[in-house]
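Here you get one chain, nothing else, as structure tokens; it is the form predicted on its own.
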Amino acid sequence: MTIVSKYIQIPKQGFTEFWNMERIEHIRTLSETGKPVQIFNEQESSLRVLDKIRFARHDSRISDSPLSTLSFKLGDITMSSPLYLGDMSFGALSGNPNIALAAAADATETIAGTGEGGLRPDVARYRRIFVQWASARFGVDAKVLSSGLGVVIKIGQGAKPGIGGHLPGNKVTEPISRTRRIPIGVDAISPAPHHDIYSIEDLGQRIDALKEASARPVFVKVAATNYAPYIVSGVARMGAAGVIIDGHGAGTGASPTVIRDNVGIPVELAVASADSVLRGDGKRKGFSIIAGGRVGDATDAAKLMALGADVVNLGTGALLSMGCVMVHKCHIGYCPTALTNKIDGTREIDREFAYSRLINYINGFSLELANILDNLGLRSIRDIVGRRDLLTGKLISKDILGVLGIEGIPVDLDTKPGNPWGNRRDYYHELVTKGQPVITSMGSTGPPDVTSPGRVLDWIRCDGAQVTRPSIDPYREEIETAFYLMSGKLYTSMPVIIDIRDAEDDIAESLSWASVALSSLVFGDSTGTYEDVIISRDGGGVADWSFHHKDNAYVMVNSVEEATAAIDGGNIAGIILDEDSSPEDLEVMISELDTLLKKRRIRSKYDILAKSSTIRDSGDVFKMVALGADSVMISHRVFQTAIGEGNRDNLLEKSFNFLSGIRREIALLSGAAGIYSVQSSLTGNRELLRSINLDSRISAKLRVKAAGEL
């Protein structure tokens, strides 16, 4: 067996990471020395909202013996520092890291969350743990519930709001099988919702029952989503000791890429909003907020606490302290640092190495946090909680400043400063290879807070349903993705049309075949071989082209004004809004036309089709439909990018997988949002969307609220 007992070299990062070399090296230095290194870190190039928040006035002196005290009471639990470690399961982690986390929490008088999936005996012997009661109840009984200092009801997590836990079958080895009480080698997919929690009142019953069964305080873990503040308020009313809010971008062992990169909002916005709602309801006193999701250093922790958190959750940071090198392959089972590999007797991290590095990390992190308090003129960790007056915003939109409740000069940023395609190569390859939702791991590297947004859609996040609007399990329940166009005359299995105009013959043929096989549509010249295609012909009048299916015409235009003229001028089935020939953002055109037709009470008479050569994936489709589109046209060039230059092997299979994967991912997003029928419940439903630091004028045109705004 290979034993990993030292840090390995960090691979060169080929694309933009939140956990960049600077952040990782800082964590490694803390973990090697246990001493304070740097405070009031300013990530000048970062797009994250939390990094655009500053402490208004402070000194920057660092001492190994700060004067401020971090000890406090979390309910009846004495804490030496406001740190909560993880909620990383046995299975997601490889065993020894779970033990190291629990042992380090005992030694430092902090708390470690055990995550989903039962309780390993080597972890259960430690006292300062919170055990988790998740939707699948894997390996949970009365003995497990009473093993630690508290119980956590996991409703959601930041990396995959609205989706249950997912441990791939290749990682379910005999020790995992025994602890979770599940078969070896079978995917452990937790239900998306708790099937006995469909309301705040149901949640209240579970809280009371678990308090009775365990004689422990009960916390509720939720993902940071649109209605998280209302849910947090309900959790407080139902008698829970506190809430764990997990922001988007948080790490995980396995998550669908489309969920990780499109669903949920930043923790800083959810915490600020939840704290405000709780104070307004008179429920803040005696109720604790634990906040997690990309807490990179003590400066992040101090900002979150000033926004309203009592404790911060260190998940990915704890893994980095034990040697993680951020390769995003936790779900595969072959972790080079032996932190997340499958347990098969071939590779293991040295328990003492992991433990000692964690101890140093916690101590160094805590010393930096105490130094921040000293420099702010505060003497106790409780003095910083809710002190928004200490903060100011820089390069933050007016809407987001309002959510945060801090001062600052409002700034609206360029809506499309980056490359719209980003780093999608691996995602596309897996999509056309498997035809299933692509699974990934660890934190998101996508826009708008890590890589630069390439189009307006990148500033927008989707909702994940929790408690008050339960999610729907796409692995176990049928979600209807079909659309009826042309007033019901034309059926398509999903709101996606592939534009095959000017495609090479073999690409056009394979995509047309796959579209027929999956009852979807292509857009291009008909050869008479396939039915249900949108056929192009010479047009005139309003636009250069018009398009028809049998006796119904669509008119392609490049502005809302042209669309209105086309509707007023003739008998048509609908409008194709073409971004490629327009200076306007397609998102804005779609939303404005949808709104206009609704005001005129004629929306149901006309289809709105969205066309752009930079529609990239199912997340884009989902958001466009929520803004008002009935279907979205994806260029054949996306498929060509997925298969690679010059690669023509198995075109029919890859075309089928491409469309099938998109359809399944749309279903996954819909289930996460609590939607059974995409056409009836998603089209034009902007309430399922939130913007993050988007130009306030664009948000107003889209009629999309800011993340955290209620």
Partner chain sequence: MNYVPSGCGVFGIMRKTDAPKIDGQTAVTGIEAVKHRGSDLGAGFAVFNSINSRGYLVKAFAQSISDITPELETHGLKVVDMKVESTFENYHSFSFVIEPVPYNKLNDAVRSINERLWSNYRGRIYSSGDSMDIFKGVGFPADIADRYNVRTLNGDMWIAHTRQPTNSPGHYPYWSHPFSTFNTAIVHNGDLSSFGSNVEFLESRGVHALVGTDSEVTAYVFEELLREGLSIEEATQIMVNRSRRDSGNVIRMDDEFRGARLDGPFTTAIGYSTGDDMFLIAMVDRSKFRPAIIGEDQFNYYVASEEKQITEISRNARVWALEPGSYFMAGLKEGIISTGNRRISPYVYSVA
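Positions refer to the first chain, counted from 1. Quantities reported herein were computed from a predicted structural model and do not represent experimental measurements.
Although not depicted, the form predicted together with its partner chain is the subject of the following passage.
Stretch-level contact check against its partner chain in the predicted bound form with heavy atoms at 4.5 Å: of 330 to 338, 446 to 454, 122 to 130, 597 to 605, the positive one is 597 to 605.
Of the listed positions (Ala159, Val467, Val621, Ala104), a single one reaches within 4.5 angstroms of its partner chain by any non-hydrogen atom in the predicted bound form, namely Val467. With the partner omitted from this view, the residue of Ala482, Ala565, Ala209, Ile359 that lies near its partner chain in the predicted bound form is Ala482 [heavy atom within 4.5 Å].
Contact between Asp412 and its partner chain in the predicted bound form is not found at the 4.5 Å heavy atom cutoff. Its partner chain is not drawn, but in the predicted bound form it has a heavy atom within 4.5 Å of Ser487. In the predicted bound form, its partner chain sits within 4.5 Å of a heavy atom of Asp630. Although the partner is absent from this view, Glu478 contacts its partner chain in the predicted bound form, with a non-hydrogen atom inside 4.5 angstroms.
In the predicted bound form, the residues of 654 to 688 lying within 4.5 Å of its partner chain by at least one heavy atom are, in order, Ala673, Gly674, Ile675, Tyr676, Ser677, Gln679, Ser680, Ser681, Leu682, Thr683, Gly684, Asn685, Arg686, Glu687, Leu688.
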